[in-house]
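Have a look below at one chain only, the form predicted alone, in C-alpha cells format.
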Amino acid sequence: MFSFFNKKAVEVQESKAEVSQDYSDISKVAEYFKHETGVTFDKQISILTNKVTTFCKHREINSFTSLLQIIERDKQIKQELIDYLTTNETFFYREFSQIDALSKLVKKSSQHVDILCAPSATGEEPYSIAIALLEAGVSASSFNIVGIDINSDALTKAKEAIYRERNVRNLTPEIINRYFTFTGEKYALNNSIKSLVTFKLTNLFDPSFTALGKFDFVFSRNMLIYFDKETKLRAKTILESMRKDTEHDVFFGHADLF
C-alpha cells in the first residue's frame, strides 16, 4: 500500500513539473532582447521560440517567465543568452571596396588614426582593416583599432584568431603567407596583427558605450540588418556621435538599409 501511494505521489509531482513548463509565449523575451541589444526577431519568431526553448531546457528553466526573472539577476546567464542568440559568421575582406577606401583615407592622414569596428564578431573585420592598412603602406604605429561586440564567445575567438579556409577565402595566397601560420586545416593569425586590435565586450545601446571615446573612422557593417527601422536610426545616431570629425561618414554595410 505504501509503495502504491508513493508511486502515485511521484507521478503527481512529475505531472506538475510538466504542467509548470510554459514555452508558449516568446513575446516578452523578444521585447527584452530587443531592448537590451537592439536585435529584433519579428520575422523569425518561430526560430527564436525554438532556440530559447532549447536554451531553457538545457538549464532546467521551466518557462520563459522564469528565464526573464533569472537573467535580471544573473549576469552570467544573461550573457550566455546573448552569446547564444547572436552567433554570426563572417570572413576576411568582406565588402573590400569600403576597406580599400578607408586605407586610402588613412594613408593621406598625417596624424595617428583611431578606428572603431562595431561589431567585430570573431575578429575578421578589424583584422581585415589592420592587414589592408599595412598592405597600403601605413605604419602599424600610425593607427589603433578597437573592436567591440556583445558576444563574449565571439570575442574569445577573435582574440585567439584561429580561422578556417572559408574565413580566409577572399585573401590572396601572398597575404595568407604573410600574415598567417597554417597548421593542419586552420590558419592562425600572426601576433604582429593581433596586437594591432583591442577588443572590448560592450553594448552599443549601453550608456557606457560612449566612454570608448571618439574615433577618426567608424565601421559598423552588417549589424543594422538585425534591427527594426526605429532601432537602426537610433544606432546610426549613436555611431555618428562617436566620430571626431563629422565630415567622415560612418562605414555601414551595403545591406544596412535605413
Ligand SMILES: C[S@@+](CC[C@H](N)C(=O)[O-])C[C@H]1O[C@@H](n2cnc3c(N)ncnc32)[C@H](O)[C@@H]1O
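Computed from a predicted model, the values in this text were never measured in an experiment. Sequential numbering from 1, following the sequence displayed.
Keep in mind the form predicted in complex with the named molecule is missing from the figure; the text below concerns it.
**Q** Find the only residue in Ile115, Ala161, Ile71, Ile148 having a heavy atom within 4.5 Å of the named molecule in the predicted complex.
**A** It is Ile148 that has a heavy atom within 4.5 Å of the partner.
**Q** Can you pick the one in Phe55, Tyr226, Phe64, Tyr32 that has a heavy atom within 4.5 Å of the named molecule in the predicted complex?
**A** Here the answer is residue option Tyr226.
**Q** Given that the named molecule is not shown alongside this chain, does Asp153 nevertheless sit within 4.5 Å of it in the predicted complex, heavy atom to heavy atom?
**A** Because no heavy atom of Asp153 falls inside 4.5 Å of the named molecule in the predicted complex, the answer is no.
**Q** Taking the shortest heavy atom distance, is Thr49 within 4.5 Å of the named molecule in the predicted complex?
**A** Because no heavy atom of Thr49 falls inside 4.5 Å of the named molecule in the predicted complex, the answer is no.
**Q** Under a 4.5 Å heavy atom criterion, is Asn144 part of the interface with the named molecule in the predicted complex?
**A** No, Asn144 sits far enough from the named molecule in the predicted complex that none of its heavy atoms falls within 4.5 Å.
**Q** Does any heavy atom of Thr172 come within 4.5 Å of a heavy atom of the named molecule in the predicted complex?
**A** Looking in the predicted complex, residue contacts with the named molecule do not include Thr172, since no heavy atom lies within 4.5 Å.
**Q** Counting only non-hydrogen atoms, which stretch in 115 to 123, 101 to 109, 163 to 171, 179 to 187 is within 4.5 Å of the named molecule in the predicted complex?
**A** Going through the listed ranges, the match is 115 to 123.
**Q** From first to last in sequence, which residues of 198 to 235 have any non-hydrogen atom within 4.5 angstroms of the named molecule in the predicted complex?
**A** Sequence-ordered list: Thr202, Asn203, Leu204, Phe205, Arg221, Asn222, Met223, Tyr226, Phe227.
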